[in-house]
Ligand SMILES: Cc1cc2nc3c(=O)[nH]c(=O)nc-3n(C[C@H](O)[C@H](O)[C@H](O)COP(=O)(O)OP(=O)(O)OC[C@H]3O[C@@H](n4cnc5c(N)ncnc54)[C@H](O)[C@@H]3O)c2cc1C
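Shown below, as structure tokens, is a lone chain in the form predicted on its own; questions about how it binds or moves come after it.
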């Protein structure tokens, strides 16, 4: 398949992961064979045209053998609430795969994954791909509290996991950036991979530059079309021009973009 496709997918399962967090698994055999880590899909989250706009969700997990694609998401608003009520056998329409993902062909053997809250969503698929390519992985997960640490046991299948929560209910008490700074002082890494709030990405970007470690950042921007037509998700590039997160991203080399906020 060249480019994204439109698919009507059956829901295989829907799992509640706690307050407002869900995992939905869809039967999407063509998508499962063509998607790369870091890419996303635009899901129709309502009946007819209500709501009118699709919702962008990162590909969280892929089972190519069974043709299953999973999305990890947080309920925010009417559309995502509708999606959270889909049950096994229901149908969901989506457009994908979209965007530029992580570059898994870059040289290296020791990687550090940094994800905060639902920002860990694209990192599980990435972890599985990197491990298949022989990488040794270390995974940092952060959140305000334990309820925001999503699927740590599943991430442990791919590497050593360390957790930081602001209230100390899981792992160490503190921010994920404090945890990251500590890890970078103790160990060396070939590459950093991160997704999460802008504050986290800016911190990863700064430490990447300071330590001279290449990093890839997955940006989370509001998107209307997901295909680069509406220009609603632009970010500033290092050379002063503008990049569409949905088309030139959502994954960028750390030095490519200027992060605001």
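Being a predicted model, the structure only gives us computed values, none of them experimental. Numbering follows the first chain given and starts at 1.
Below: the form predicted together with this ligand, not depicted.
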Review point. Does this ligand get within 4.5 angstroms of any non-hydrogen atom of residue 193 in the predicted complex?
Key: no
**Study point:** Any non-hydrogen atom of residue 222 within 4.5 angstroms of this ligand in the predicted complex
**Key:** yes
Check your understanding: Would residue 56 count as touching this ligand in the predicted complex under a 4.5 Å heavy atom rule?
Key -> yes
Practice item. Considering only heavy atoms, tell me if residue 121 and this ligand come within 4.5 Å of each other in the predicted complex. Key: yes
Revision key, fill the gap. Counting only non-hydrogen atoms, the one stretch of 104-112, 154-162, 70-78, 132-140 within 4.5 angstroms of this ligand in the predicted complex is 70-78
Exercise for review: Pull the contact list for 164-184: residues with a heavy atom within 4.5 Å of this ligand in the predicted complex, in sequence order.
Suggested key: none
